[in-house]
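Take a look at this single chain in structure tokens; it is the form predicted on its own.
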Amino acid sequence: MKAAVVPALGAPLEIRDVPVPVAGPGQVLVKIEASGLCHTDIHAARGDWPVKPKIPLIPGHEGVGRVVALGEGVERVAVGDRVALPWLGYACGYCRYCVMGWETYCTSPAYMGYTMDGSYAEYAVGNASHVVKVPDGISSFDAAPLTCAGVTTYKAIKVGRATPGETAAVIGIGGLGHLGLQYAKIFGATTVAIDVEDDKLQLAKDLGADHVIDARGDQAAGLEALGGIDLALVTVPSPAAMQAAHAALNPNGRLVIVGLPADNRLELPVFETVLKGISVIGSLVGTRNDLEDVFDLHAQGRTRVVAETRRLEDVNACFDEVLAGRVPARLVFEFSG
């Protein structure tokens, strides 16, 4: 099968002909129809984070396709089912975090496209316990970005406790932020979209943002004129953006971070954090239940995925596009046949 492979950390990806993987006990083999490109895939290929991925690596954790083979003991998934292969490729189900409903913080997890090979390939293996069925009526093209960008921002808005009557700002209207903005509206908050690109600001308006602020101007004055914000979702890996969002928070405000800076550092003022009762929350993707919610909302027509199709053969050029900010929101590799 054709696959995009990271041969070494920091090296360009190589399109290789590799053997089709075999589904082991409890696993399923999926013929991939679409796979989204997440910025995390770029971080993985470059080894940007403290915990390094397996090498060689097939990236991809927004894969969607049809189950074509079952490993021993698989019962909850059938051949022909269309499933998503999300970031959380496996959680034990027994540790305190799994039992409490926080499986993304499992003490012995496996991650698609990081600790296990992912969906930048014509076929991929997933654990039957952790693939999520995609409802009829949702295209594989749309389902791919929802599998990470969607569930990540949905969970972030959820743990940020957005409510009607509050003002929620989404910083960065890209692959994650354009969906986070929509979830904030679904939760009933007044929404503020913040970006530095004209096309992203226009996209926010098209998606129904109540307010749009160009961060190239006086962002602080703009947010102050709105009465401050109660929730800030920062989707970009920028400590400066996180600090600016923190500064705009009202008392009892929540700063929710999903962007991961390569240098792994963020400085925030303790005095203001304590006196205003501000919460700083890290949010890591979402659970299988969260992804089912995301798919349900999309099936109801309540969200819109903004993405463009690309060929897997152009993966390195696609990485460059993302890094240069030249994409509308998400890129999706589609597979023929």
Ligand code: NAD
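Here the structure is a predicted model, which means the values were calculated and not measured. When you see a residue number, it is the position in the sequence shown, counting from 1.
What follows is about the form predicted in complex with the named molecule, which we do not show.
What is the one choice in 43, 304, 54, 31 with a heavy atom within 4.5 Å of the named molecule in the model of the complex?
Going through each option in turn, the one that passes is 43.
With the named molecule left out of view, choose which of 173, 144, 112, 124 has a non-hydrogen atom within 4.5 angstroms of it in the model of the complex.
For this set of options, the contacting one is 173.
Give a yes or no on whether each residue among 102, 160 and 249 has a heavy atom within 4.5 Å of the named molecule in the model of the complex.
No, none of the three is in contact.
Looking at 164-172, 89-97, 68-76, 222-230, which one sits within 4.5 Å of the named molecule in the model of the complex if you count heavy atoms only?
Stretch with heavy atoms near the partner: 164-172.
Though only this chain appears here, would residue 27 touch the named molecule in the model of the complex if you measure heavy atom gaps against 4.5 Å?
Because no heavy atom of residue 27 falls inside 4.5 Å of the named molecule in the model of the complex, the answer is no.
I'd like to know whether residue 182 contacts the named molecule in the model of the complex, with contact meaning heavy atoms within 4.5 angstroms.
Residue 182: no contact with the named molecule in the model of the complex.
Hey, in the model of the complex, is residue 235 touching the named molecule, heavy atoms inside 4.5 Å?
Answer yes; at least one heavy atom of residue 235 falls within 4.5 Å of the named molecule in the model of the complex.
So, residue 291 and the named molecule: in the model of the complex, are they within 4.5 Å at any heavy atom pair?
So residue 291 does not count as contacting the named molecule.
Select from 269-297 the residues with a non-hydrogen atom within 4.5 Å of the named molecule in the model of the complex and write them out in sequence order.
Those in contact are 283, 284, 285.
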